[in-house]
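Before any questions on binding or motion, here is one chain by itself as structure tokens, the form predicted on its own.
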């Protein structure tokens, strides 16, 4: 599989080794993050007129899903403002490495938390409140505050970026789909890492901080374990770090058979389907129930959401995997849970396509509100750029449906391709898993179109 190192470009390598561009972007994003919280707390309660709602759930979310994750994988994690305060608390520095020394309790995260089940739980919790989060500025502000406080609190107690790696619901989302991206950070020569005495990439040095994600680069084989902070690039004494362009979905050539990742994939699929039904479907009672947090109808909605994501979709997939095993010409002896988790890799490109197609509908329907909040971010009657009075107009065009169908078809094709390759290695016939993916694609098309 061909790789091309981007660090062969001198100016790009110099820019990536310099902390100032990355820090500047993160600082600007932190300013926007804080302003989104302020807007949510003191601005208008009308979501379509509040900077917190439009900037976070229309602008940022669309850019993340449609561009950043598919192209850069964990590129957002490299500039995310949420861990900045915790990093400073640990390092007492944002730009000057201190030889790997850190402050705080620096406890090792208990083994119970060293997986993404907790990210799954955090995402599920946010998802069942999502209708309120996406429409109520106060709830959006509360959600942002909770994530920021949790990140700071965990940085004070545990080592490195424990929140990002094990708890952050957005990080879990990005990590899953980073496997599709054509960008990867790896080492050029594993032998050079084995003979390196300092392990500065992991421990830190005067040139760079120790890996905030607790990852030794020589062991990197998949994108989810790397936050693309680039500290290893700066600290490696052997200039052994490479940033490669690679074929799309290269991580899924040899998928990890992990149940926590498999259920993350089901959560993503289920959430995309439910959101399409709630926000774009004709069922008014469903939307009312999703918005009425704490009521009996909402409890029914939350229960149905969890059943779809954690029981119905996995249950049907289990049947498909067992059928795939029966249909396979060769049947190597593997545990059923291993077959199930490995086959779930096919759902990664499918889920990313679902989210992209949904985001297109959501953004095109609400994107014009961005003009209003740019001039009047708090809904206080300002008109900074003369666009506060812009009339709402959906951005749908005749090409929108064609683009959505194309995206969903590409996701189904990607799922079939991964099913074929994973099946060849694991003794699973690709047809049942491909059929499962195609059936869900048809359902999603029905909800969107």
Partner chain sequence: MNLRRKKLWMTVTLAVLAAAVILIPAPALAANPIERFVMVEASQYAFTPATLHANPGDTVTIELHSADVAHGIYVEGYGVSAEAQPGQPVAFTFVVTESGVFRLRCSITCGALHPFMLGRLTVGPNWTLARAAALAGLAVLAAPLAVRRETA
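Computed from a predicted structure; not experimentally measured. Residue numbers count along the first chain shown, from 1.
Below, we turn to the form predicted in complex with its partner chain, even though it does not appear here.
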### Message
Given the stretches 166 to 174, 142 to 150, 361 to 369, 231 to 239, which is the single one in contact with its partner chain in the model of the complex, using a heavy atom cutoff of 4.5 Å?
### Response
361 to 369
### Task
Indicate whether residue 385 is a 4.5 Å heavy atom neighbour of its partner chain in the model of the complex.
no
### Query
Can you check whether residue 413 is within 4.5 Å of its partner chain in the model of the complex, heavy atom basis?
yes
### Message
Check residue 392 for me: does it contact its partner chain in the model of the complex (non-hydrogen atoms, 4.5 angstroms)?
### Response
yes
### Message
Under a 4.5 Å heavy atom criterion, is residue 257 part of the interface with its partner chain in the model of the complex?
### Response
no
### Task
State yes only if every one of 104, 191 and 203 has a non-hydrogen atom within 4.5 Å of its partner chain in the model of the complex; otherwise state no.
no
### Query
For the stretch 429 to 449, which residues lie within 4.5 Å of its partner chain in the model of the complex by non-hydrogen atom distance?
434, 438, 441, 442, 445, 446, 447, 448, 449
